[in-house]
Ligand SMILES: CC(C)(COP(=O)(O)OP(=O)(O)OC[C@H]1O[C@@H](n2cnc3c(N)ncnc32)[C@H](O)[C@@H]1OP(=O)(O)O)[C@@H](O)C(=O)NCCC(=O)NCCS
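Presented as structure tokens, the chain that follows is alone, the form predicted alone.
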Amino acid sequence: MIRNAEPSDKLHVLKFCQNTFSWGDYVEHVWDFWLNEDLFFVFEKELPVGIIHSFFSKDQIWIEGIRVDPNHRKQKIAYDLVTHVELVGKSKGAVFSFMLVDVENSISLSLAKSLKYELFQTWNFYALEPKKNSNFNVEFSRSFDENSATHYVKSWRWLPFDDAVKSQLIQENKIIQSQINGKISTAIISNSEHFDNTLIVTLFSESDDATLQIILFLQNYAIENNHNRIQILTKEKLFDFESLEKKLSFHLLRKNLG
């Protein structure tokens, strides 16, 4: 009943993904990417009634895109899809499974609890408007000693952050820092792989003053690099700023597959 997704599934699946959220859904925009990445599965009852996508990285499997046809809910379809992906992850050597759930999505949180996922971290999503700026105190980092940086965000996937990843990001000028009065704020920047002209930022904030310098830099960086959207993910609660809008908060959930 669970099989690999195929291109011919797309139209039928999108029919039951139209109203997933109040604003619609993003599945139609990432469908082709997911097909090319593999680990994209369909739950079939004559026709597809559920989907799930996953992404394997180092020692973890990342779970995303759980969708079930409203006419087939409360049949443990989502439960079975997640369990299937976990088994695939373990076969590839995954030690942990992660998923991201809106803090107000009680149904998905209940599903995660039934699957024995535990709260690992809570993250906040902010939207920042690009803007031309010229005065900011920011440098590209040559080192980064943030011990709490277990993950960084790339195309809305929380991927493991280790010394090898850090070295690569530093080499690519993807880590920026600002130091004000001995407090350092750091941001990891990346381009979205699924949405055009979108800058995704993982922010570690030690002080409002240093973070403000990061924000001013990001606005200008987006303008200079033709990004029309800036998405910031951070564990901290940020200060009020006219071009910064708090969108949502998410629980990062983890399960030990050992």
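In this text, all values refer to a predicted model and were calculated from it rather than measured experimentally. Residue numbers run from 1 along the displayed sequence.
Just so it is clear, the following notes concern the form predicted together with this ligand, a form of the same protein that is not shown.
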Pick from V68, A210, I61, V201: which residue has any heavy atom within 4.5 angstroms of this ligand in the predicted bound form?
V68
Selected contact from N124, Q179, Q121, Q75, since only one has a non-hydrogen atom within 4.5 angstroms of this ligand in the predicted bound form:
Q75
Would you mind picking out the stretch of 95 to 103, 180 to 188, 125 to 133, 158 to 166 that comes within 4.5 angstroms of this ligand in the predicted bound form, counting non-hydrogen atoms?
95 to 103
Every residue of F140, S143 and N173 near this ligand in the predicted bound form, heavy atom within 4.5 Å
no
Any of the heavy atoms of F239 lying within 4.5 Å of this ligand in the predicted bound form?
no
Partner contact for L87 in the predicted bound form: this ligand, 4.5 angstroms, heavy atom:
no
At the 4.5 Å heavy atom threshold, is L111 in contact with this ligand in the predicted bound form?
yes
With a cut-off of 4.5 Å between heavy atoms, is T20 one of the residues that contacts this ligand in the predicted bound form?
yes
Residue by residue through 158 to 193, tell me which have a non-hydrogen atom within 4.5 angstroms of this ligand in the predicted bound form.
none
